[in-house]
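In structure tokens, one chain follows: the form predicted alone.
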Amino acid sequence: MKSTVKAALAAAVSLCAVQAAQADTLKMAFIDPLSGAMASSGEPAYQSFVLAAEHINADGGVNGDMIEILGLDNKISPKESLVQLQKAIDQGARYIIQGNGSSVASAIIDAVNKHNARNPGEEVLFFNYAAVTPEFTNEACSFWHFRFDAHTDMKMNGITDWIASREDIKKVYLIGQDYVHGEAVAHAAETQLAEKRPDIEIVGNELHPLAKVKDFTPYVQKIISSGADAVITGNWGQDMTLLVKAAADAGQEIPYLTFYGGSNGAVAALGEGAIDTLYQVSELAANMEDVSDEQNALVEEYKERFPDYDYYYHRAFVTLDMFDKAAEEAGSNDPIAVAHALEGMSVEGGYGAATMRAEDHQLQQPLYITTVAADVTYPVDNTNLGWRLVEGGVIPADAAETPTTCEMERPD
């Protein structure tokens, strides 16, 4: 299989080179952490968009134009992100990609809204692949913003449904990063648990500095002392990996219900202690039955191409597939034409159909609750462990969907 993938990739790169010489370049700026503590989240996402673009380019590009992904390091700083945004626009990028950090996404949404109001005919679109604060597709919704990941309330629905089915869980500890995302996760958990299992006691609700904590042992000791039966966390990147490592070092074996347990290195940090202990809710289940050969081949290709990481950012491929289809249907690569075409559009996402809801630009898709298991077809972190679907872990798109308060203003 590996030799086949290498040969196919070599052929694709060769074809791209020929086509690129005959086509214009369509620049898309990826603005996320590519250095420092959170690079383990930004780098594999960047690689995913690069590979997705190569697939589209090998198939003729977007209306004949070849995608170029510009990797711009924002160091997870909103201020630095705005510098990189302007740099991207100056370089001719009309599409902006970002996801790691809702504080960053908020700054980009505001800057894009202002840029487009001031520069008619030079509009840019923002493709958000991971910043999940609900307000972005509710009261702060924008015509220029599209979210390709389920937001906090949607993901928390899956987690709290699972907890509600477990009579052995009586006490829950909440821990998250101290910014708008961590606050949203805690609020969603409190609200939904109160509705679904009012008997459950929230025995801790703690926020810690983003990307600053080097040792989570003191936090884990608090969790142990609380008598919690389960933990809910929206942590990502280094904060996810170091948290579960501290839990493993302390010998803790209660369920950790996460948004981003699949962060690079988290499973390796726990080892076999992750089995039936570390859970995540996401848009993919790589070891699920009835997945197409084409999708499984993509998982294998990514690992072959980027051996230090695993196929995690499935939404990168959904994002560019939907963009390509929208541009083709619009007959134009212009952002306004593409935006209108994206509204209501559906693509087959590899793990279920994905549809961009027109009224708020929030992607609707199935979600899956998975936990770590041994002897899987597609392991992660260069271990023999990987993610398997839990019983009742399929959340259909209509079950994950939540109402929106968006009142979107559209351009004339």
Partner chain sequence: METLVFALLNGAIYGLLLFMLSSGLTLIFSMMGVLNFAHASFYMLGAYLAFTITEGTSFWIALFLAPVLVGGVGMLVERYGLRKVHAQGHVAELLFTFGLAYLIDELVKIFWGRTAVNYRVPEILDFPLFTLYGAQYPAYRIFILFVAAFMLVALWYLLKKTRAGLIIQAALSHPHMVGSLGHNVPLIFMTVFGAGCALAGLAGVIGGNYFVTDPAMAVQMGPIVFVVVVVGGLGSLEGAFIAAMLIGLLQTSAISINASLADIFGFIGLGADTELGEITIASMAPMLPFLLLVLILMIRPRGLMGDREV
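Positions refer to the first chain, counted from 1. This one's a predicted model, so the numbers in the text were calculated from it and none came from an experiment.
Although it is not shown, the form predicted together with the partner chain is what the next lines describe.
Proximity to the partner chain in the predicted bound form, taken as heavy atoms within 4.5 Å, picks out 267-275 from the listed stretches 267-275, 154-162, 330-338, 227-235. Although the partner is absent here, residue 37 is a contact residue: one of its heavy atoms lies within 4.5 angstroms of the partner chain in the predicted bound form. Although the partner is absent here, residue 191 lies well away from the partner chain in the predicted bound form, with no heavy atom inside 4.5 Å. Although the partner is absent from this view, residue 383 contacts the partner chain in the predicted bound form, with a non-hydrogen atom inside 4.5 angstroms.
In the predicted bound form, at least one heavy atom of residue 309 sits within 4.5 Å of a heavy atom of the partner chain.
Judged against the partner chain in the predicted bound form with a 4.5 angstroms heavy atom cut-off, the residues 348, 357 and 396 are out of contact without exception. Note on contacts: among 178, 167, 195, 294, the single residue with a heavy atom within 4.5 Å of the partner chain in the predicted bound form is 178. Between the partner chain and the residues 171, 187, 325, 222, the one pair within 4.5 Å by heavy atoms in the predicted bound form involves 222. Interface residues of 238-255, taken as those with a heavy atom within 4.5 Å of the partner chain in the predicted bound form (partner not displayed): 238, 241, 242, 245, 249, 250, 251, in sequence order.
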